[in-house]
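Listed next as structure tokens: two forms of one protein chain, kept apart as structure 1 and structure 2.
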Structure 1
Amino acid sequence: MIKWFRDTGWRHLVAVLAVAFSLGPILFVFSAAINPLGTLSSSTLVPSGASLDNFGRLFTDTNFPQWFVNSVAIAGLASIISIFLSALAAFAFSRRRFRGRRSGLLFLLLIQMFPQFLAVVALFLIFSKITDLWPGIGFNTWWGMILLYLGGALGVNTWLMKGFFDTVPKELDESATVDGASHTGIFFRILLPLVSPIIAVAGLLAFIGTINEFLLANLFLRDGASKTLAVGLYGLVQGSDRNTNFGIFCAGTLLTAIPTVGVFMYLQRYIVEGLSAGAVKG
């Protein structure tokens, strides 16, 4: 028994502790979401009862449906646009040779060393002016937030994709060029299918980062109907309402995970297919 524990058993113990550590917060949130009282003080790891009243109050007493639509739309559009622009930039940096290429890559890397929140004062002043001139891309708008998130995601995504583009043999480009393919055809028909794993990974990371973002959304979305899930749910437990609305907050937290899980399940097959194709040679 001692020999088994020393060789193998301790690994099972570590695995059980890791699973318990990971599932503990989730179980507590689920317990609080179905807690009939719906308060923080009455929430326990094992619920004393079960009720869907918190979910009903979430849809009737708050703007949760609108927050949900706002978050999914902003995160989805920002992710798609940023991945497409990053793929174009990565293709240019990987396949083309031009003056300023190396300095441009270093500049992108340097920009990523500073968090986007450092520019929040300048961004706020810019958006104040933009809101007066073009309200459609100013405060409390989808496109305004999308423009904000694009600036923070392009650099890291470009670097990720550029490294993946470099692993694709350039002989494929040359063969396609001989067959009469244009640069656009090479990009869309040859390279993009081959780099689909990194596109899926970058898209997933961009979506998760955007839908969970709070600081910028809290500053630039000030109208109740324009808020995202992170901002709207935070407002439920802000101040003296923390204890009363905790059950509603936990119910909204569970529903917030649905888009992220859905995107992961959809992109998972592209990631697995890419890894499987890269592991088989010949």
Structure 2
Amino acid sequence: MIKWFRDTGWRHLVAVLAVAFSLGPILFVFSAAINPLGTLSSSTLVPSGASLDNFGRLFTDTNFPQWFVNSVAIAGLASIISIFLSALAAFAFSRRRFRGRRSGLLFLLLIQMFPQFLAVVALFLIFSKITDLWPGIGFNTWWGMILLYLGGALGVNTWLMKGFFDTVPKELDESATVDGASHTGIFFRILLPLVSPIIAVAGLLAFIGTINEFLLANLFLRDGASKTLAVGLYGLVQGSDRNTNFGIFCAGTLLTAIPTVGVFMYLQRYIVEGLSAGAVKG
């Protein structure tokens, strides 16, 4: 018995404690979401009753479906495009030797460290001008937000991907060249399929990051119909509504988690592989 505990028993103990720590707050959100009273002061860890009232109110009293569509569209498009852009750049940094390569990489690392949201005043002024000239890509639009997020497309992701690209042997490229492949052929037909784990991971990280982005969205999406989940849900628990709307807020939180949790479970295997290989190569 003691031997069992020393070998595997303690492992189960650690795992159970960790799972309890992880699930506690989520269980709280869940029970608050199905709590018929729907206030913060009446919420407990174990649900005291069950009803779908909060979900109903979320759909009738708020713009939740619209926020959801906005969030998924903006985060989805922005992460797909930005992953493609950084994969292109990572390909150049990993496979090509050119003047300014070294300084380019360092520069990408440095620019990330400037607290970007402090450029918000400048971005705001730029977007005021853009809204005047091209209202279709200005404030309160999907494309405006996507353009803004694409500014950060090159950066951490490029580094993560470059590390992974480096692990694919260069001999593959060479033999493909011998067989007559152009550089675009090498990129699209040979490298991209081989690095799909890191594409999946970077894509998921970008998606989670964009869904959670609050500050810029809060400043740039003012109209009720253009808000994202972060902005909309935050509005529900602001000021005096904090206690009364807590149930609806938790219902919204649970529904927001569905797409990420789904993608996350689907990509689990890739994630471990991709993160570690990218990390090892820096």
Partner chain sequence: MTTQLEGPATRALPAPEVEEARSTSLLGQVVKIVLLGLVVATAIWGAFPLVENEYWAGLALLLATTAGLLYLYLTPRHIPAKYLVPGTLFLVVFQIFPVLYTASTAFTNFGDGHRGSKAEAITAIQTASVTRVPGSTEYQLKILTRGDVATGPLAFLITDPKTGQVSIGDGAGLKPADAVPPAGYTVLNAGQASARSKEITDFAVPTSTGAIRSSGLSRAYEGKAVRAYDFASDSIRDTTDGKVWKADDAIGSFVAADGDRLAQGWKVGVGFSNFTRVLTDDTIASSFLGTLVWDFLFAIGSTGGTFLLGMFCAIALQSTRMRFRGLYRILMVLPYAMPSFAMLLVWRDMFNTDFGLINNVLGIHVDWLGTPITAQLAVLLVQLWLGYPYMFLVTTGALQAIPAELTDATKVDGAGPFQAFRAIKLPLLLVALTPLLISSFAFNFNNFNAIYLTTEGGPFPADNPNAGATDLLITYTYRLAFGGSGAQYGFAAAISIFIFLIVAVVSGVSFRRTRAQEEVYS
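Counting starts at 1 with the first residue of structure 1 and goes up one by one along its sequence. Under this definition, the rigid core comprises the largest set of C-alpha atoms superposing within 1.5 Å between the forms. Just so we're clear, the structure is a prediction, and the values are computed from it rather than from any experiment.
key: Assignment: the form predicted together with its partner chain   = Pick structure 2 here.
ask   = C-alpha of Ile258: shift of 2 angstroms or more between structure 1 and structure 2, rigid core aligned?
value = No.
message = Leu17: how large is its C-alpha shift between structure 1 and structure 2, with the rigid core as the superposition reference, in Å?
response = That residue's C-alpha sits 2.7 Å away in the other form.
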